[in-house]
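Two forms, one chain: they're shown below as structure tokens, one block per form, named structure 1 and structure 2.
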Structure 1
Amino acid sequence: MFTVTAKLPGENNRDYSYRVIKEAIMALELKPGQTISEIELAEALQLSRTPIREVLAKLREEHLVEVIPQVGTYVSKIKPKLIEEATFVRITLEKEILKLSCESFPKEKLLQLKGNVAQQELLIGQQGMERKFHQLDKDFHYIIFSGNNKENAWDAINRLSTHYNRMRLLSEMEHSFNEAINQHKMFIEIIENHQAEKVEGIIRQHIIEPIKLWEDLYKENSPYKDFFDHTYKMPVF
């Protein structure tokens, strides 16, 4: 059904089930539109239904689960409207944080960025590494925000980006992430050489341009068409 990992030290049943179920949704192991049930989830995690019920309520608030009365509980389909909102916030904040980084950025954080990219490069040519790359990608951007003491701003982006990040992972499963790695190297170069004038360009390349590839995944002839809520059109920036 989905990957069930062991409890982390100090995790109670609620935190554990929340982490595992959300990871399964974000990794597309629990697919958009898929029916899920408290009983099956409880059995898979070997827990009672009480923490599962609480977790599903929380995931519903995060737009990852939908409950249709008298029908059932589903993993939320990917909603272009929520992608568009998350993209707007990310473009705005990433642009400003990169400009700040050009003014001043800790050397130890710069080394962390370079180490992160080195790990990304090790994934090139390997099959099934999309999830690993996706995590390293998120870690890369977190380092930039933390280097400016703006960790909470990155957390805010992540809270808004549940549909955006599922879409990114789906795209990375269909397309190479080599170009994203090259762009991460450009991020480092821009920060290291204080090239604030290049910020607009790299943000467009890294965040806006890839979205054009997403439209094919959304079309009627796509094998993933049922993953999406077609109430809204796929956004183009």
Structure 2
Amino acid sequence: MFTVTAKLPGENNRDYSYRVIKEAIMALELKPGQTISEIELAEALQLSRTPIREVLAKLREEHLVEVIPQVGTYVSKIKPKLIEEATFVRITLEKEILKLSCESFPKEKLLQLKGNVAQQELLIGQQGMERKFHQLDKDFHYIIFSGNNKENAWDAINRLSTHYNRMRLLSEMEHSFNEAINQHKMFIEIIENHQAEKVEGIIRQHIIEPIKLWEDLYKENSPYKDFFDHTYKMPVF
């Protein structure tokens, strides 16, 4: 049904199944709109329904599944409205965080940023490294927030970005991530040289770029058409 990785040490069954199921949804292995029953999941993970139910409750909070009582559970289709709101929140908060970083930023975190980008560059030209790159990308932005002591703010963004990130995966499967890496380098430059005036432009670009072509994925003749919830109007960027 989906990739079941090994249970990590110190992980209880709930945390374990949360990790595995969420990864499957975010990697589009469990497809938007697909039916998933509690029993199916429990059997796939060799567990009882109890921990699975608690995981589904959590995923429902993140808009990743929808539960209809006595009927079934579905993977949420990608909703344009949630993409738009995530975009708004990310741009607004990340702009402010980057400006703060221009005033002061811990040296140690700056080193972490550089190390992270170095790892990103190692992936250039390789195939099938999308998931690895996405993890590094998320780490990169988390480091910036953490350098400003705003870890929970990043968590809030992350929870709201589930639909944005799934769409981004679709749109990047056919594109390279060179551009994103260059932008990350510019982030570091801006922080190091205190160029707060450059923040506005680069942030907007960095966040909107990956989803600019999303109309192609959304429209009638796209193979991914059914992944989207068409009951919501498509916002314009």
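Think of the rigid core as the biggest set of C-alphas that the two forms share within 1.5 Å after superposition. Every value quoted in this text rests on a predicted model; they were computed, and no experiment measured them. Just so we're on the same page, residue numbers count up from 1 along structure 1's sequence.
The form predicted in complex with the DNA is represented by structure 2; structure 1 is the other form. With a cut-off of 2 Å and the rigid core superposed, residue 209 has a Cα displacement that reaches or exceeds the cut-off between structures 1 and 2.
Fitting the two forms on the rigid core leaves the C-alpha of residue 118 displaced by under 2 angstroms between structures 1 and 2. With a cut-off of 2 Å and the rigid core superposed, residue 72 has a Cα displacement that reaches or exceeds the cut-off between structures 1 and 2.
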